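Presented as structure tokens, the chain that follows is alone, the form predicted alone.
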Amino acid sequence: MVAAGTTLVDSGLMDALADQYESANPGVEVSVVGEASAQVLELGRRGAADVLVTHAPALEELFLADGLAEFSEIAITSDFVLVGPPGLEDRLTGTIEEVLIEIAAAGLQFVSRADGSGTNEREILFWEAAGIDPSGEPWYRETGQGMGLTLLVADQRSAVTLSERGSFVAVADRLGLAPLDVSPSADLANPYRVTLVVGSSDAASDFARWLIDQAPNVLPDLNRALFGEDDLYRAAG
């Protein structure tokens, strides 16, 4: 049982990786469930999942500190992107903090996942860096849902939202949202950690190790097949 952040499940990458592994290992069945990273780690705490794929560093540190991992390594990275309705890409430019300040000053609609996900964890950090607390503001909406549904709500409300890039690219042709012109920054990097839960089977251990050591080798082909891009998801480091 593999529990992964909804960003990787919504983008299709996690299922594609599982299919690759199953093809090379006949008789092994990889079951994938998508949840926000907070829920993924809780499944690991309860022993309800063997392999965890998350992108919430602060929550991951607590899980590791409790001695719940056989091993854990960052394996894959992507990045975050702010997306919004047409016309905003020319109006809102600068660092992500500068863009968020402009959004708040203008009272532009912003949709947050607010679900304990790695994306939401990073969004909160960006607001803090901008010196703004958006909670309770009339222009700030919370879905409590995964990435795919939050993108849909943002599209329906002509709002801005923070998305993992792969999840956005996977559905971009069905939405009226476009990436905003945010300056490149290391703060937008989005590393995914693969964790094997203590007490998991040898098969689970092999799959987790494959994700860390071998999956990066198939990422270019999967990027092209799923997204028509070469490096949307990359090997960490």
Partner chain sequence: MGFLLEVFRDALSALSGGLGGDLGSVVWLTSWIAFVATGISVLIGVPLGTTLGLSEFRGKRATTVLVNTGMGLPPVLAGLVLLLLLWRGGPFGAWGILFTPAAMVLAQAMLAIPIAVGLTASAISGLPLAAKEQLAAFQLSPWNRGAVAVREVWPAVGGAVAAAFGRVISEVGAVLIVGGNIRGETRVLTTAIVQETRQAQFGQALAFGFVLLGMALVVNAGITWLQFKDAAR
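Residue numbers count along the first chain shown, from 1. Everything numeric here is computed off the predicted structure, so don't read it as measured data.
As for the form predicted together with the partner chain, it is not shown, yet the points below apply to it.
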Worksheet, complete the sentence: Exactly one of S72, T93, Q145, T77 comes within 4.5 Å of the partner chain in the predicted complex through a heavy atom, and that residue is Q145
Fill in: Listed residue that, although the partner chain is not shown, lies within 4.5 Å of it in the predicted complex (heavy atoms), from A130, I124, L149, A104
L149
Practice prompt. Name the stretch, out of 60 to 68, 171 to 179, 23 to 31, 197 to 205, where some heavy atom lies within 4.5 Å of the partner chain in the predicted complex.
Written response: 171 to 179
Worksheet item: Does at least one non-hydrogen atom of D155 fall within 4.5 angstroms of the partner chain in the predicted complex?
Response: yes
Discussion item. Even though the partner isn't displayed, in the predicted complex is D50 close enough to the partner chain, meaning a heavy atom within 4.5 Å?
Written reply: no
Worksheet item: Does the 4.5 Å heavy atom contact test between D187 and the partner chain in the predicted complex come out positive?
Response: no
Worksheet item: Does L108 make contact with the partner chain in the predicted complex, using a 4.5 Å heavy atom cut-off?
Response: no
Practice prompt. Within 4.5 Å of the partner chain in the predicted complex, which residues of 29 to 55 have a heavy atom? Give them in sequence order, or say none.
Written response: G34, E35, A36, Q39, E42, R46
